[in-house]
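One chain is shown next in structure tokens, namely the form predicted on its own.
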């Protein structure tokens, strides 16, 4: 065990380099959970960037988190296109009606300007404030929806699949618009102080689309998109099956791959080793009814499976901690990392 603990930034950078730091990094992806921390409603919480900053700093201290999460909610990107967000009391905000009613509407769609969207500018201000507070000591993770997965909320799943399989002209036009917007949004967050950009891309998982179609569509989209981002990137398949596309995702240039519980751990660790750092894979839904003992046992098991040799960050497997997960369970997860995550692993 190292005599002096590393900073969170050095811990993460060492891990991404496929080396062993002082301990396994912990990324608790706490977005709307911050409203719970501050005793606010979810819509009230997201009205002011100061709320997000206060909650992120407080939760990092409470749970010994190795990252700050400047993500607000996915539909904030749809707001920039002119749609709305539907808020609920105890869950993530949801997208309102699609901005595209028909497939042919795609040809009238233009990428929105980042600085004219109130929601996006709030995220940028929160990112700036977090950077002012922590400098380079703690990674700040910004989030974008991938150009390939964003259409699910832009036009709806059924019409989007029709575009993928039967309307190549409309698909290519939508990818052009989304690539422009998503790259600008990612780079705006980096310029505001984000350390890296996490890309939510669930549609690239074989759980949702067959691999040959991904290779033909989502894979080249990801390659072009990531080449435009002026910083480090992570791709998260949001609980979807990951193993069949590990090599392709590594080839996009992403440094980190978020994974869930659907994959065989031995095979996934072997496939990713030396190629891409893994981030996962605690089951957020199961965490809602864990005991502290279950939390300790599960964390130890996951670290035993993935921690050797570095290249692993402990997190949930979906990219967001549910509101219903008790605070004491998150504390137990953090305690377990301190107990079982120190290198060299026993």
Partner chain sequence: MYIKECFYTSKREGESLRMYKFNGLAEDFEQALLNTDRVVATSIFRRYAEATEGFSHIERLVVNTLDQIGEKWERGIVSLAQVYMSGRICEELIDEYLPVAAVKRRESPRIAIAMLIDQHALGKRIVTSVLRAAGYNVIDFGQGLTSESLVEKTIESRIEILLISTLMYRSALKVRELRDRFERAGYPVKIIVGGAPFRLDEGLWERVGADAGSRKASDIFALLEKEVLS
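Positions refer to the first chain, counted from 1. It should be emphasised that the depicted structure is a prediction, and the values quoted were computed from it without experimental measurement.
A second form of this protein, the form predicted in complex with the partner chain, is not displayed here; the remarks below concern that form.
Q: Counting non-hydrogen atoms within 4.5 angstroms of the partner chain in the predicted complex, say which of 121, 223, 136, 94 makes the cut.
A: Looking at the other structure, the residue within range turns out to be 94.
Q: Name the single residue among 105, 162, 251, 176 that comes within 4.5 Å of the partner chain in the predicted complex, judging by heavy atoms.
A: For this set of options, the contacting one is 162.
Q: Can you tell me which of 265 to 273, 206 to 214, 183 to 191, 229 to 237 lies within 4.5 Å of the partner chain in the predicted complex, counting heavy atoms only?
A: Stretch with heavy atoms near the partner: 206 to 214.
Q: Is residue 90 a contact residue for the partner chain in the predicted complex, using a 4.5 Å heavy atom cut-off?
A: Taking the distances in the predicted complex, the answer for residue 90 is yes, it comes within 4.5 Å of the partner chain.
Q: Can you tell me if residue 285 lies within 4.5 angstroms of the partner chain in the predicted complex, counting non-hydrogen atoms only?
A: Residue 285: contacts the partner chain in the predicted complex.
Q: When the contact criterion is heavy atoms within 4.5 Å, does residue 324 count as touching the partner chain in the predicted complex?
A: Within the cut-off, so yes.
Q: Counting only non-hydrogen atoms and a 4.5 angstroms cut-off, does residue 152 reach the partner chain in the predicted complex?
A: The answer is yes: residue 152 has a heavy atom within 4.5 Å of the partner chain.
Q: Taking heavy atoms and a 4.5 Å limit, what residues of 289 to 321 are near the partner chain in the predicted complex?
A: Only 289 sits within 4.5 Å of the partner.
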